[in-house]
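Shown below, as structure tokens, is a lone chain in the form predicted alone; questions about how it binds or moves come after it.
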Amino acid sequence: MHFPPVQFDWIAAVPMTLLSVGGLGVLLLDAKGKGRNPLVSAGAAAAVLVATLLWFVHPLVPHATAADARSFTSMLTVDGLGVFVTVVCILTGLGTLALAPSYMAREGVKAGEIYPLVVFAVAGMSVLAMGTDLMVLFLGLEIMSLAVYVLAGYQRTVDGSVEAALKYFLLGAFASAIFLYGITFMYGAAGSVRLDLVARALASDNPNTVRLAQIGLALLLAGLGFKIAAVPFHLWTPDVYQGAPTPVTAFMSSAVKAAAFALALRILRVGFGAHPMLWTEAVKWLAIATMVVGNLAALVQRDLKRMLAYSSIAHSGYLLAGVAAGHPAGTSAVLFYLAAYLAGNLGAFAVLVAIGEKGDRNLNLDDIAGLYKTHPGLAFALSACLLSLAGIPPTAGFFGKFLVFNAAVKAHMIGPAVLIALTSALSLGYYLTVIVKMYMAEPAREYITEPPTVGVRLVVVASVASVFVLGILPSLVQGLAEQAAIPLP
């Protein structure tokens, strides 16, 4: 399947407009109802996300004939990459909206504002996915980040949540400043912040231009490293993921990661695609460090949210290896991997929402002992999601890791390819520990007696189904990922 040309420039601004106006509408609806019925706000937010999703399906898919697309004043471009990543972010947002009511009711927190914040965050992500101008990309980054800062600290009476928001905000502000500083160097090098004009300026091979661009790229990579939780910019991740509300952690670890990698692909493949020697080596070493540190740190974790946080860091390393490959096969591998990671990661956090108790208690490794004997369905779901994250066939995670491994081999990156295999085997040390605890140990406590809500069950079932469907029939998404990679150099 090919993504179509866009007939009118303004069409590129439609997704962001729908999400922004819809988010304001949800906010006003919640204010009018004084937050008394959060399910209404959740339904309205879900309707906005579904409407945006349908917009992509209606004008783009039926008439798909080519991969190129016109842009909105050369700032936003609706192409395969933008569509693919925005859809991943929308699906993650819908999953978060389904998990939030149950979690917030359990915690006794008014949940009205969380729903428009999710919509605003997805609006920022759509800009990151489709932006082709560095300043526009920075605006999208800030729209997303500001919404997620508030989401992380949504439980204002919980010390851990406040700490998570403060750490995320302070470190995120520094990362944004570094990213913006990098943009100034890029403007100095190219006389423009449009990525296509940056690429054209670099084509001149002027030593001063290349030197300034190298400095700017180093700063941009540092800012990006924070958003994707790459080593050594990862230290905020475990504390923030542990302290944030569990549905928000699921949203951050899946959607924010997808949007940040779309940003990385835009900058590296469009702006610097003709000069891979400026960035492939740096990204390769970031991938190596991130894979190793993330997996080793996850091995010693007892708290499940912290374990999944370090797991998320490790997965950033695998994705960085696909980016470093620097060719369309690497890009399509990254996109498929993001979809596979969404299925396994969101499902795992949905199970944590179902089995957790007020204050996110009882989410340690010992607390899930014997879960199979009391809640076999949830134990199976968590097992399936963890096996996918580990890359065990026939799950989506296995095919995602295979594609990244294959892309690394094609790029002659033998060291990262070997580490993908070795660290994936290492990850079994902590994923299988959880599964063994659930199936082999005696129950350590009396688990919840109330069944999960409809929203939680929908997310769990959809995630597990996606894990196996994408593992058995990967072509359903792989073809779209390959076409999405075509517009990039």
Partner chain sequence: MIDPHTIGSLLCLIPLAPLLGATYNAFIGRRVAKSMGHLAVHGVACAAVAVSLLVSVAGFACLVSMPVEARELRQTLFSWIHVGSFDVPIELVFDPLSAVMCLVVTGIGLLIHVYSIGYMHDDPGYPRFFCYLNLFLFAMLTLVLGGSLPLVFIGWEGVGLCSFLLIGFWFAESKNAAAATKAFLVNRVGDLGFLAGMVVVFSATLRIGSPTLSFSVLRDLAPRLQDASFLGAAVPVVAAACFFFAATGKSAQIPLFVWLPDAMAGPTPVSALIHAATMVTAGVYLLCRTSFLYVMAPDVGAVVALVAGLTACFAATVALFQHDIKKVLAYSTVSQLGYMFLGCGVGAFGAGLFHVVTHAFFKALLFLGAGSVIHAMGGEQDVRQMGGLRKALPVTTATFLVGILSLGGFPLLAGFFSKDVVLWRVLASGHGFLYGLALLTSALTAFYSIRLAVLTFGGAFRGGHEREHHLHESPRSMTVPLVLLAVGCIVVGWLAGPTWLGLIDRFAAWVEPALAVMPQVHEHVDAEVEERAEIVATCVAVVVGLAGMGGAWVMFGWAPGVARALADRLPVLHGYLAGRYRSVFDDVYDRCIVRPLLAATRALATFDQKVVDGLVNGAAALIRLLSRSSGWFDGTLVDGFFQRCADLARALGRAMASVQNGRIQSYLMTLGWALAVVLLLLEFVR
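Given the structure is predicted, the values throughout are model-derived calculations rather than measurements. Residue numbers count along the first chain shown, from 1.
Although not depicted, the form predicted together with its partner chain is the subject of the following passage.
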Partner-contacting position among 167, 327, 106, 373 - heavy atom within 4.5 Å of its partner chain in the model of the complex: 167
Single option in 195, 260, 217, 419 placed near its partner chain in the model of the complex, where near means a heavy atom within 4.5 Å: 217
Any non-hydrogen atom of residue 203 within 4.5 angstroms of its partner chain in the model of the complex: no
Residue 301 within 4.5 Å of its partner chain in the model of the complex, heavy atoms: yes
Proximity of residue 211 to its partner chain in the model of the complex, heavy atoms at 4.5 Å: yes
4.5 Å heavy atom contact, residue 232 to its partner chain in the model of the complex: yes
Site check 379, 401 and 414: each within 4.5 Å of its partner chain in the model of the complex by heavy atom: no
Heavy atom contact within 4.5 Å of its partner chain in the model of the complex, the stretch among 173 to 181, 352 to 360, 90 to 98, 246 to 254: 173 to 181
Any residue of 308 to 322 that, in the model of the complex, places a heavy atom within 4.5 Å of its partner chain: 310
